[in-house]
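Presented as structure tokens, the chain that follows is alone, the form predicted on its own.
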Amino acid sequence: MFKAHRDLNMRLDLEVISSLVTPRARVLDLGCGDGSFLRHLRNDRGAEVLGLEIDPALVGRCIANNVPVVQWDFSTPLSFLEEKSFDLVILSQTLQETKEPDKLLQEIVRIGKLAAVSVINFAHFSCRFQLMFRGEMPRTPQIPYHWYDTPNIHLSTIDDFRKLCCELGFEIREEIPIPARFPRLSKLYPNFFAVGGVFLLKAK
């Protein structure tokens, strides 16, 4: 997994999410890292931004970047945030690290008029081939950890995420596959060729 918003040039999902932000929107980013992405949204889109981040060092870097931030643990409820208090809530390549991803998704669609969620696709063909031919847990640019030191506890596929959204009663307003290679095939068969996807969600 690319670390939270630290390398914007390498994160195609963040470019997609940036394109979904309307001018002067109120934006909340869960797991905002050093705040560089929120700073980009503020400067490029005129967004009113707020970040939530658990790492004290990254909270300090947010402050240095002049980005408003709240230190927050994903296991703590978001009850302090009101319903539909943000135009867009962002959760980028973070869902797989949370203990209760379904409950967190319900919270972000409650808080946001829309939610932009980027997920890592564990069903990408490189993951499948590593399991099949090496018999080892896959490692990719999106999942660079060993099985014993990974923060990821709920790996899933694009198809898994779609099914969960259906079970939770969310409307998928837009789905954008993130290709590593083969962009056309990634659009046609995202669960096999896309390394991840960005989903724009709304509560029904």
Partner chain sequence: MNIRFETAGTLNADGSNAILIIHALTGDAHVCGKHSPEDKKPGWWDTMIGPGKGIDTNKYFVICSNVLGGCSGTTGPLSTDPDTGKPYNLTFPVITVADMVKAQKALIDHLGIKKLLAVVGGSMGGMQVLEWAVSYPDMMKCVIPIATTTRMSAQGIAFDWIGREAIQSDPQWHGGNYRENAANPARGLGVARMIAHITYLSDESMTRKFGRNLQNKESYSFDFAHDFAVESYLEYQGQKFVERFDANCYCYITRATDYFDLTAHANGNLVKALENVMADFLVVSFSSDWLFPPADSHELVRALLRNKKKVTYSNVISGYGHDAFLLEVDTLGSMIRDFLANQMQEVENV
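Predicted model, so just to flag it, every value in this text is computed and none were measured. Numbering follows the first chain given and starts at 1.
Omitted from view is the form predicted in complex with the partner chain, to which the following refers.
| said: Within 4.5 Å, heavy atoms only: does Cys166 come near the partner chain in the predicted bound form? | reply: No, no contact at 4.5 Å.
| Should Val69 be counted as a contact of the partner chain in the predicted bound form, where contact means heavy atoms within 4.5 Å? | Yes, Val69 lies within 4.5 Å of the partner chain in the predicted bound form.
| query | Given that the partner is absent here, does Phe129 sit within 4.5 Å of the partner chain in the predicted bound form, heavy atoms only? | reply | No - in the predicted bound form, heavy atoms of Phe129 and the partner chain never come within 4.5 Å of each other.
| message | Even though the partner isn't displayed, in the predicted bound form is Ser85 close enough to the partner chain, meaning a heavy atom within 4.5 Å? | response | Yes, contact at 4.5 Å.
| task | Verify the flagged residues Arg26, Ile63 and Leu81 against the partner chain in the predicted bound form: is each one within 4.5 Å by a non-hydrogen atom? | result | Every residue of the candidate spot has a heavy atom within 4.5 Å of the partner chain in the predicted bound form.
| field | Listed residue that, although the partner chain is not shown, lies within 4.5 Å of it in the predicted bound form (heavy atoms), from Ala47, Ile176, Leu50, Ile143 | value | Result of the distance check: Leu50.
| query | Counting only non-hydrogen atoms, which stretch in 156-164, 29-37, 135-143, 52-60 is within 4.5 Å of the partner chain in the predicted bound form? | reply | Of the options, only 52-60 has residues within 4.5 Å of the partner.
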